[in-house]
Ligand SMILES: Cc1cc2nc3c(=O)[nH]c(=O)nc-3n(C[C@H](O)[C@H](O)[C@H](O)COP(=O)(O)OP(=O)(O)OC[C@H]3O[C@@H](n4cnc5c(N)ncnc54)[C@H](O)[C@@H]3O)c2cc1C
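One chain comes next, on its own, written out as structure tokens in the form predicted alone.
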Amino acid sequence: MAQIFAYIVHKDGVADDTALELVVAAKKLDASVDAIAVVTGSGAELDTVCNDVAASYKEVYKIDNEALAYPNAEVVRKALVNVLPADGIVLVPHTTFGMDLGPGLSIKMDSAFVADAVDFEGVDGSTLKVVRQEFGGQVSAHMECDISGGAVINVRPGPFLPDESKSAGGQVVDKSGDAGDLAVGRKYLEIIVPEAGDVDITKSDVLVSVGRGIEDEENIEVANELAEAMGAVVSCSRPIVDAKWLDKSRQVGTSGQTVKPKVYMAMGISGSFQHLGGIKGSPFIVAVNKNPKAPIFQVADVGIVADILEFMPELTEKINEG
């Protein structure tokens, strides 16, 4: 198989959790090949990330350029096309940024593209067997992809458990000189930080998160009571924010907040990849949903098929009794 590359997302000098997940995804593709990490950026923070990632990858490509200081997908595409071999297999996290980067990168490299891969079932010659999910995770789609000319694969965060051994002892190779001219039409202007909400869910160790299963705004109080009993904070999925039942600051997901709790209570949440993309680290996930086929059960440590409006008051009562 051709070389496998893992594009590393990072912020403020810290590599995203997906960096450790892509190590495992690459091994699932081909256990005999050591993936090469690719880190783009600028300055001292880039060096910090590269040195950290080298603990998990035997080789790390560093691409340092002022134009890469902000993760502009158009700029990153130009750099990767100039640095990576055309027949390489490039793994990109299926995040908001990854969805911007991946498709265009495959076009520039004239290679195959797969979005939102959740598993790999092996390679037969030049054919890669990939598993994706359709209809909000209700159906697993088994697909075949011709990788003879390379491929860009967006890998969903979560399905591959991170390799936290950090035993690779890799080396950092500076590829900045190969990046070429990175002038593009799209320019970074500024970051607009949203106003802080009444609660910072990113700081909580325990979250009671509610979704469509809460059914009505007045039932939010049931979740508040459970959260109070557990010493937790109430968060939610996007439909609750869209209905204006809770503030945007309480939304977990790719279009909301990224959280790293120790315990995550998913109450009446189906478990779309957009929601799960906002849950980082390895929290203990308890999922309660009336639908036994809800995708959330695939990632939950404990899954309970029940009506949350019956389950939450009972759990609150038991906790208060204890």
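Sequential numbering from 1, following the sequence displayed. Because the structure is a prediction, the values reported are computed rather than measured. Rigid core (definition): largest C-alpha set, two forms, superposition within 1.5 Å.
What comes next is about the form predicted in complex with this ligand, which does not appear here.
From the candidate stretches 23-31, 36-44, 285-293, 49-57, select the single one in contact with this ligand in the predicted complex, where contact means a heavy atom within 4.5 Å. In short, 285-293.
Would you kindly say which of Lys166, Lys129, Arg212, Lys108 lies with a heavy atom within 4.5 Å of this ligand in the predicted complex? When this ligand is considered in the predicted complex, the option within 4.5 Å is Arg212.
I'd like to know if Met143 sits close to this ligand in the predicted complex, meaning any non-hydrogen atom pair within 4.5 angstroms. The answer is no: Met143 has no heavy atom within 4.5 Å of this ligand.
At the 4.5 Å heavy atom threshold, is Ser237 in contact with this ligand in the predicted complex? Residue-level check for Ser237: yes, a contact with this ligand.
Val252 near this ligand in the predicted complex, any heavy atom under 4.5 Å? Taking the distances in the predicted complex, the answer for Val252 is yes, it comes within 4.5 Å of this ligand.
Contact label in the predicted complex: Glu314 to this ligand, heavy atom within 4.5 Å: Outside the cut-off, so no.
Across 261-275, which residues bring a heavy atom to within 4.5 Å of this ligand in the predicted complex? Going through 261-275 in order - heavy atoms within 4.5 Å of this ligand in the predicted complex - the hits are Gly268, Ile269, Ser270, Gly271, Ser272, Gln274, His275.
Superpose the two forms on their rigid core, then report whether the C-alpha of Pro157 is displaced by 2 angstroms or more between this form and the one not shown. After core superposition, the displacement of the Pro157 C-alpha between this form and the one not shown stays below 2 Å, so no.
After fitting the rigid core, is the C-alpha of Gly98 off by 2 Å or more between this form and the one not shown? For Gly98, whose C-alpha is compared between this form and the one not shown after core superposition, the shift is less than 2 Å.
Using the rigid core as the reference frame, would you say Pro239 shifts its C-alpha by 2 Å or more between this form and the one not shown? It does, since the Pro239 C-alpha is displaced 2 Å or more between this form and the one not shown after the core fit.
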